[in-house]
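Just the one chain here, laid out as structure tokens, in the form predicted on its own.
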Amino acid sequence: MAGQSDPYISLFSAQEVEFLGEDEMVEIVPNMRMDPLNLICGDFGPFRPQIATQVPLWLAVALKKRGKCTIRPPEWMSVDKLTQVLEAERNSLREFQPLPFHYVEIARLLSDHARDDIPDVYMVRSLIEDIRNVRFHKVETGLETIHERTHAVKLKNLSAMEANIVRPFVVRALQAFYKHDSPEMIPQPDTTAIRRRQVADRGPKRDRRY
């Protein structure tokens, strides 16, 4: 994956963050009968018509594409809930409202593949975009307060996507401040070797007789 060789300068791609978000659990309502699925990540099912069950998001999308189920959007994806979150985000200058760690990826996948299962889907997408913008503005404002005496940054309730974008900048900034604040950590030139070269350049000593 991207970002494994140097954690200070690299990011996960949007596709990689989305891949991780696909393991989030969602509720589906099957319209078919099927025995349990025994997978490496767990056992899911049995599936019975009109009986809700929990499955990973990637499995829900796969079944939805085949017309085998409908997907129940999470409670936080309702217009009422998202409106409350947006208002709370705007009213709080520093705090971030608690949302699922992969709320962006969940909303994107469901709106792309299960649009007909989401009431007021266009309003939901608009509210989530507004929430993202407000949260990013708060992130930018918070990062402006970083200075040379900052040794840690606490941003509670960040989502995966937000943390993925912020992490490299914060790490580089703190690393730079730490080096400037602790000069002993910066490699110093070997002055002993320089003095030896200077002595050698003077040539051999001569006896002086008076």
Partner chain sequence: MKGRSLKLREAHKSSGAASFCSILWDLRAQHLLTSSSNDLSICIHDPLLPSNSPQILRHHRDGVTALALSPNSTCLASGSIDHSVKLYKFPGGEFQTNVTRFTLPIRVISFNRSGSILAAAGDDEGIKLINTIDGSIARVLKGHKGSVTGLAFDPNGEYLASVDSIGTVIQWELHSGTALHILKGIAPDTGSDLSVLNALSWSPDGETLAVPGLRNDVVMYDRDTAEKLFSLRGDHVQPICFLSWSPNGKYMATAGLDRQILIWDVDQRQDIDRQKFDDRICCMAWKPNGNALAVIDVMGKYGVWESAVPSSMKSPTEDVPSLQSKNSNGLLLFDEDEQEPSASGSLSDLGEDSHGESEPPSRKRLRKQSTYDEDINDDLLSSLPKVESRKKASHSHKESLNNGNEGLKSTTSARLKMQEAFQPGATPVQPGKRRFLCYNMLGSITTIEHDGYSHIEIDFHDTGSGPRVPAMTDYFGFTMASLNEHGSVFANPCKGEKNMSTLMYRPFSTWANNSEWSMRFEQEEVKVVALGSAWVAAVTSLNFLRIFTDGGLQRYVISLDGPVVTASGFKDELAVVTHASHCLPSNDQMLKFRVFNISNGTQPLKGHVPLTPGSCLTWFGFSEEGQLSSYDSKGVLRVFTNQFGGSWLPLFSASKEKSEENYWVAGLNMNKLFCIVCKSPDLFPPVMPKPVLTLLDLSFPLATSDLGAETLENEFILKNMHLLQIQQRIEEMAAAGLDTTSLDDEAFNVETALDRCILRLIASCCNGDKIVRATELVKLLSLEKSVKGAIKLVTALKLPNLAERFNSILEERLLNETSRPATLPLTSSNHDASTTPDVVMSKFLTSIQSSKPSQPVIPLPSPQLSSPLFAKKGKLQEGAKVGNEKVEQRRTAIVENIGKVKSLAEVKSIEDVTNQGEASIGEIKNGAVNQRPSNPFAKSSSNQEKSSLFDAIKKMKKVDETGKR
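Residue numbers count along the first chain shown, from 1. Every value quoted in this text rests on a predicted model; they were computed, and no experiment measured them.
One more form of this protein exists, namely the form predicted in complex with its partner chain; it is left out here, but the text below deals with it.
Could you tell me which one of A52, A163, L37, A62 places a heavy atom within 4.5 Å of its partner chain in the model of the complex? Exactly one listed residue reaches within 4.5 Å, namely A52.
Among 155 to 163, 23 to 31, 37 to 45, 54 to 62, which stretch has residues whose heavy atoms lie within 4.5 Å of its partner chain in the model of the complex? Within 4.5 Å of the partner lies stretch 23 to 31.
So in the model of the complex, does any heavy atom of R132 sit within 4.5 Å of its partner chain? Flag for R132 set to no.
Is R72 one of the residues lying within 4.5 Å of its partner chain in the model of the complex, judged by heavy atom distances? Close contact exists here: in the model of the complex, R72 approaches its partner chain to within 4.5 Å, heavy atoms only.
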